[in-house]
Ligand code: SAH
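Read the single chain below, which is given as structure tokens and is the form predicted on its own.
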Amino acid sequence: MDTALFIEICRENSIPCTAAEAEKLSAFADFLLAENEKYNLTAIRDERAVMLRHLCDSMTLIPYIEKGARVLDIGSGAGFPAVPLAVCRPDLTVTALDATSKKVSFINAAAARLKLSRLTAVSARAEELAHDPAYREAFDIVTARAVSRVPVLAELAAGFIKTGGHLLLMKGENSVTAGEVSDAAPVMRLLGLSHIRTDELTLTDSELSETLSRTVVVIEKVSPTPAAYPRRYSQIIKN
């Protein structure tokens, strides 16, 4: 990946990025694109699109996360936002969670290549792992970059978050509305969650005239989640 170009795209979007961070993220992108030929890790195969739609997009979460936080990324896929967060915020302890073992293996291999000792990936289903005492209410921050609706993501995530911690939902353009968040309020109250705000972000690559719109839903954990939650996934999506 062209490191200088990546730094320029970051600068265009007011995303801080040092030369050392850009070098690591460039190495990660090269590894992703090479492994993608074998394992189909991401549908985005263009180098420049990876810069904007994966790397820069993930880095927009950096200002939301306090120093030294323990972070869980649910449904991390090929490592977004987990890997960029681990690269740009070495003070964080990051766990990437995904149900697909090949993606978890890829993230762990990337962590080893980049010497990211505080990044690990786990293969499990969120609704099952959230009942494991080692993971239950153990994280300051939970992230999810997913297409599922807010109530579904809230239930999958709530059991992992410490009281006083936060859930950061990264939703795509027009994929979340004020009505959806409002409709999720009763579920969130049951889970011990409270909606704080919803931020609208825009990323651009002027050279390609490309724009990426992103919604970040910020939710606080205000009280412990009842032990029965999360339920089985079939129950979550049904109700």
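In case it trips you up, residue 1 is the first one in the sequence shown, and so on. Note that the structure is predicted; figures quoted are calculated from it, not measured.
Beyond what is shown, the protein has a form predicted in complex with ligand SAH; the following relates to that form.
Interface membership of R125, ligand SAH in the model of the complex, 4.5 Å heavy atom rule: Contact with ligand SAH, yes.
4.5 Å heavy atom contact, F80 and ligand SAH in the model of the complex: F80: yes, in contact with ligand SAH in the model of the complex.
Proximity of H166 to ligand SAH in the model of the complex, heavy atoms at 4.5 Å: Result no; H166 lies far from ligand SAH in the model of the complex.
Contact flag, A146 vs ligand SAH in the model of the complex, heavy atom cut 4.5 Å: The answer is yes: A146 has a heavy atom within 4.5 Å of ligand SAH.
T100, K103 and Y233 all contacting ligand SAH in the model of the complex, non-hydrogen atom within 4.5 Å: The answer is yes: all three residues contact the partner (heavy atom, 4.5 Å cut-off).
Stretch in contact in the model of the complex with ligand SAH, which is absent here, among 83-91, 70-78, 109-117, 130-138 (heavy atoms within 4.5 Å): Of the options given, it is 70-78.
Residues within 4.5 Å of ligand SAH in the model of the complex, restricted to 41-68 and counted by heavy atom: Residue within 4.5 Å: H54 only.
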